[in-house]
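Take a look at this one chain, the form predicted alone, written out in structure tokens.
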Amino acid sequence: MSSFNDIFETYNWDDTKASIYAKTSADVERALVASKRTLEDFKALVSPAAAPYLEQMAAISQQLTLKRFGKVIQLYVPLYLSNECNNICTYCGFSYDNKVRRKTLSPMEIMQEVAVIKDMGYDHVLLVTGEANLTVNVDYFKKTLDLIRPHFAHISMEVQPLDLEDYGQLTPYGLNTVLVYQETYHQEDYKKHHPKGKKSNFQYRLETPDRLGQAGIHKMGLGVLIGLEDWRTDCFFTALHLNYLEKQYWQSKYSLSFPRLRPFSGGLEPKVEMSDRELVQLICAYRLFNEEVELSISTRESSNFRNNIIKLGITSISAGSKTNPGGYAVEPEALEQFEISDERSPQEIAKMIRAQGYEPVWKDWDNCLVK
């Protein structure tokens, strides 16, 4: 069966990067007025040539987002289940070679965490783990989903890529959404950052969204870790991937995230720095390229940045996040996967959203909608 890899192999990283940096102001102006924007338009919108047009991009992005999504911002929260991991990743606090105490939450501990999360007001939870197939596997996910399903309207998952039949086993347990970030589409650098473990298999990860689509997952999330390689080129490949998936698996919905590399204990310095202004450019470029895709911003970003990005294309936001297993109730002081930047409570974030004339949405989905 064909997959995105067939398309990906027709592209060359260096040639793609060169074509982005060769875009001119005329290319940007053409992209701004286009009725339907192409991948070449996206290249122009993320290119350095688009920097002087940021105000125009932001205005169009706001208009398109209001037309498609209205004045609402969805709220979600991560629930870290385990920091056990068999992969070595140069940028992650859970990396196998990072000498920290490992923990996987028991059913009782999961429910302690759920109680705190529910008290915050959440109905959408994102389950997160490292990649340890012996302990954190499909059976563990089934039991966890079965346990928490009565308490949440929407359950997302960001765990190791699974086989097609595994995803098929999890959807009856209430799995709605799966996030799988490629980290970088630069194959050689991918190998440098993932030298050991199943995650070192670039192609298996690249083809994970194909398996999600074939399994009929309701929504899938894509993205790269910004800072590992040239962000403009990496994000073009994300847009290329999204473009392919929407045509191939049109029944699924899609979301994009744009995490910037954050500090952690013994962590990697970003190879490429992305400024706040450049992140705004990227968010607007994604919106101008695709009016339907959901755009998510996490607590990695500062409170000031998040306050100012609400009206420019974002559709979902996390708040009050803890990035360690047991962080809400069981072991609040344990090692985090990465440092968060915006430490405001969910109620403070909701108040900020309302102050801008938008409505915070704690629940936007119900399983009865697909029955």
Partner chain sequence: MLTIAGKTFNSRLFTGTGKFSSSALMEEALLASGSELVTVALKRVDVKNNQQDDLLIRLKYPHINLLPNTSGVRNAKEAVFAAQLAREALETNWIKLEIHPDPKYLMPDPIETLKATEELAKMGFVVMPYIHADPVLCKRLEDAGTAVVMPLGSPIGSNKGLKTIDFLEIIISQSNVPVIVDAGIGSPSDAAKAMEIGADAVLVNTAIAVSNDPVKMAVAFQMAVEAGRMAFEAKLALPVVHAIASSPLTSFLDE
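Just so we're clear, the structure is a prediction, and the values are computed from it rather than from any experiment. Positions refer to the first chain, counted from 1.
The protein also exists as the form predicted in complex with the partner chain; that form is not presented, and the subsequent description refers to it.
The single contact residue among 146, 163, 276, 291, judged by any heavy atom lying within 4.5 Å of the partner chain in the model of the complex, is 276. By the criterion of a heavy atom within 4.5 Å, residue 345 is excluded from the residues contacting the partner chain in the model of the complex. Although the partner is absent here, residue 101 lies well away from the partner chain in the model of the complex, with no heavy atom inside 4.5 Å.
Shown alone here, residue 52 lies within 4.5 Å of the partner chain in the model of the complex, counting heavy atoms only.
At least one heavy atom of residue 280 is located within 4.5 Å of the partner chain in the model of the complex.
Site residues 69, 73 and 352 are none of them in contact with the partner chain in the model of the complex, judged by any heavy atom within 4.5 Å. Residues 277, 280, 304, 305, 308, 312 are the members of 277-316 with a non-hydrogen atom no more than 4.5 angstroms from the partner chain in the model of the complex.
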